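Here you get one chain, nothing else, as structure tokens; it is the form predicted on its own.
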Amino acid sequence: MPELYSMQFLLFLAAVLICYYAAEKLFPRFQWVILLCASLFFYTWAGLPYVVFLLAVSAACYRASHIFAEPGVSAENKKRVMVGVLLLHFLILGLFKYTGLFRRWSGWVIPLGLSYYTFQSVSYLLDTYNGKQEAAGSFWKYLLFLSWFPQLLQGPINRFGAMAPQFFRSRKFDSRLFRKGLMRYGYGVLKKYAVANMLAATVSHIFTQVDGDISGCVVVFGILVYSFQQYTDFSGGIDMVMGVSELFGIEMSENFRQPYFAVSLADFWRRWHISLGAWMKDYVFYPLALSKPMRKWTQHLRRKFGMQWSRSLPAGAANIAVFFLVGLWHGADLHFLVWGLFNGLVIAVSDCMAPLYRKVNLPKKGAGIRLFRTLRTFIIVNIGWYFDAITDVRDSFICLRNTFTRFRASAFAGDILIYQIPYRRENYMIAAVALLIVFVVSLLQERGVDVREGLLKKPAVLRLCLYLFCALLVLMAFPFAAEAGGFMYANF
């Protein structure tokens, strides 16, 4: 399947845009049909056999939602249908994502966007079952919601109630919104190709040759590089698909909000992969926290230990379960599960320690305390990345140990040569300049500035110079693009 920056994809996108806005003049009520045809074509382009699974999930979920709305169906039968369709969803997901034997036997890879459209379909199923969402009026309209082609590569995990009103109304071409979509797409290209791709070789080289004598300084360097690589790869991909969607005037769910400005680990996860966090909160955390066994445990804790522990311990247990599932969502590998449990435990312990923090007489506001909390959170997040970037858990602990016991900062240059870490000055210069742009934009966004709207108000000459400078950085980075591969989160 062509990359998001390839000539094939851009020609496909241009053709769809022309047809979509031309359809507004010819048959405005059915303008959405162009989007459905384009999405099905795109999915077929990625692999014709996989369309079967998309159609199966769509048909089962759509039919179930209408059974829930039928007045004569008993609550017990509705529950049976809901459970059966849920099992179908997770059976397909499990066969492809967690059963290597099935993939080796069939020779098939994971279907495009499987995790994303499965989670979207499950949210629709549960919302219609619980009466929070009306059933879609047409199977084809529901199919468009699941197959919308920009979201299939990277997400986000959208909700039917937010997307349907945007898909199914007539839309005229709006040059201002179109330019904002192009800016977001271009910003994503800058992140992915001028930062993430420039850093990928360094990360893979360091963490595929871990031994007991690896310098802690080299490990920290690799983790920091990974931190910036992963952020720009994932958020860059999200910006690109969000920008493509905005070209059609359709806004998808936001997935990032300056996560490295977070002041706590919980705050970080409210800013990183927002749509996955919201999905886990609505369909795992709250159902678990409000379940009958958890309520009984809460009442027992309140009687024995008081209000604070009756609140924090059940919430902590639910958070650990959520992050275990988040780790499992990334893959069935042990290092993902350890990474998920690390995050869940840190948040749970922090919540339990909240009364102690309140007793410490520290300033609650001010630039200094915010900077301290931001740096502290950044360090904690990066400790977690040890279990994400390094695929062998034993190697993760070796690197963590050596970070504190064998740092050897004075030997850094020598270790770079010993481990033959690829070093191209051009790569790091391009990445450093592009990262500076990302930092400035993020800082402005953190302060509430609408950067794209502000740019549109600037003189045309200034905008053109900025666009050309960013395009030059991307063009300089393109010769190295083949080394980095595709988007990291497309594998999830």
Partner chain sequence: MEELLKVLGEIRPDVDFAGETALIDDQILDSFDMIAIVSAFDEHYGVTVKPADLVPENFNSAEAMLAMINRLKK
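As the structure is a computational prediction, the values presented were derived from the model and not from experiment. Numbering follows the first chain given and starts at 1.
The discussion below concerns the form predicted in complex with its partner chain, not included here.
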{"property": "Listed range touching its partner chain, judged in the model of the complex by heavy atoms within 4.5 Å, from 370-378, 297-305, 163-171, 237-245", "result": "297-305"}
{"property": "Contacting member of Arg401, Arg179, Arg408, Arg257, with respect to its partner chain in the model of the complex [4.5 Å, heavy atom]", "result": "Arg257"}
{"property": "Position in contact with its partner chain when the complex is considered in the model of the complex, options Tyr185, Phe285, Phe324, Tyr231, heavy atoms within 4.5 Å", "result": "Phe285"}
{"property": "In the model of the complex, Lys132 touching its partner chain (heavy atom, 4.5 Å)", "result": "yes"}
{"property": "Any non-hydrogen atom of Glu251 within 4.5 angstroms of its partner chain in the model of the complex", "result": "no"}
{"property": "4.5 Å heavy atom contact, Lys79 to its partner chain in the model of the complex", "result": "no"}
{"property": "Ile347 within 4.5 Å of its partner chain in the model of the complex, heavy atoms", "result": "yes"}
{"property": "Stretch 141-168 - residues with a heavy atom within 4.5 Å of its partner chain in the model of the complex", "result": "none"}
